[in-house]
Structure formats: structure tokens, C-alpha cells
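The chain below stands alone, shown as C-alpha cells; this is the form predicted alone.
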């Protein structure tokens, strides 16, 4: 098959958690442009509906921190769409605070969304994919799972994303022989509305981020989304357990 054909997601059903904004929305948009039917699964039902209308997909309310919610959503999507070809775990949050000042609830909330939520979704989507004979899972990790970036303090976020990378490798090893590929993408600083808000509020942080990134700019969300589409597609058919770093060179220093 020609490369263009391998990159196509025509006829595929792809689910993107946290797909109503930021990187998730660009992933959903790019997967739709590649031919997939995209389901935006987001805790904000209203925003999910708007995003789905924008890209020409559909939406479903999902709280990734609730295993029962995840189980119900996968069951419903399997009933409505049949085969789930791909699942992207993008939902995530960050809390910035020195470790010694981090409240218990902030640590737990970050772990609940970023790590626990990723596992709940992998487990339930994986069960369905095993039953159907295969599928693809892409987890959105972070370069912060590989390095402790500065100047901001974010021990909980860094730890959660390191866990996502190891979870990806673990599941890839378990499921490779049963038709499921599991990979992760580790973005660097990405020009989402949230990053722009932080850059405006903390220009000293932004100056450090730029000076420590060899390409001296943040990624565009579409640059992350393109890698995710590649991992969802047959063009990456021999990849599993990989963590693809897309950080403008930040982690080379």
C-alpha cells in the first residue's frame, strides 16, 4: 500500500479523551481530516458538543477519573459504533507548586486524571479491542515524564507523566501478541490557549522555556496531532511501546 493510503484513517472510529480543547481538539480535527469518524469524549459536555460540531464528529460525556463512567462509555460506544479502531488518552491537568507545599488533594487530582484516568481508559478500551481482535491506543504523556523541567515546580505532573510512559510500555508488551498497539507521545511546550495564558502571566517562565528549547518556540498543536495520526494509522504498523518525543529539542540538553 502507498504511504498516503497507510496514513489514511478512512472508515475508522477514533475516540479522543479531553478532545474539546487544546491539543485534544487538534488531534480530533486531524483524525477527522484523515477520514476517521471521531468521538470527542470530554467531561465538559457543552464544550464537547461545540467541538464535535466544529469538526464534524460526535461527542460523549466522560469523567476519566471514574472507572464506572469509563466502562459505561466504552460499552455505549461499542454498541453504537461497533469496532473501536483507535483510542487517544489526552485528558490531563497540571498543578504548579513546590513539593513541600503541595496539598494532598492536588497530588491526588493530578494522579486521578493523568495516570489513573489513562489506565481506566486503556483497560476498558483494551478489553473491547482484545474482543474485537485488535486496535490502537495512543497515550499523551509529556517531555516532563523524562526530565524535570524548570523553572516551575510540578512534581505531581512530572511523576504522573512518567507513569504514563511506563504504563504504555507495559501494556504494549502485554497486548502486542493479541493485535493491540500502544504508543505514547511526549509533547514539549505547545501553543494552546492555556500555555498562552501562562506565558502572559509568567513571562519569566516563558523566557526560560524558550531559551532552553533549541528550536526556540513552542509547538503548534497541529504538530503534535500529526504525530498522533501517524501512530493511529497503518503507517506505524510496526511500532508499539514507543514514546515519541515532540519537544523542539528540549530534552537533548
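Because the structure is predicted, anything quoted here is derived from the model rather than measured. Numbering follows the first chain given and starts at 1.
The same protein also has a form predicted together with a small molecule, omitted here; what follows describes it.
* Contact between residue 113 and the small molecule in the predicted bound form at 4.5 Å, heavy atoms? -> Taking the distances in the predicted bound form, the answer for residue 113 is yes, it comes within 4.5 Å of the small molecule.
* Partner proximity in the predicted bound form: residue 157 to the small molecule, non-hydrogen atom cutoff 4.5 Å -> Taking the distances in the predicted bound form, the answer for residue 157 is yes, it comes within 4.5 Å of the small molecule.
* Going by a heavy atom distance of 4.5 Å, is residue 23 a contact of the small molecule in the predicted bound form? -> Yes - in the predicted bound form, heavy atoms of residue 23 and the small molecule come within 4.5 Å of each other.
* Would residue 31 sit within 4.5 Å of the small molecule in the predicted bound form, counting heavy atoms only? -> Result no; residue 31 lies far from the small molecule in the predicted bound form.
* The unique member of 36, 225, 62, 39 whose heavy atoms fall within 4.5 Å of the small molecule in the predicted bound form -> Flagged contact: 62.
* Asked: In terms of non-hydrogen atoms within 4.5 angstroms, which of the given stretches 90-98, 74-82, 128-136, 167-175 touches the small molecule in the predicted bound form?
  -> Careful reading of the contacts points to 90-98.
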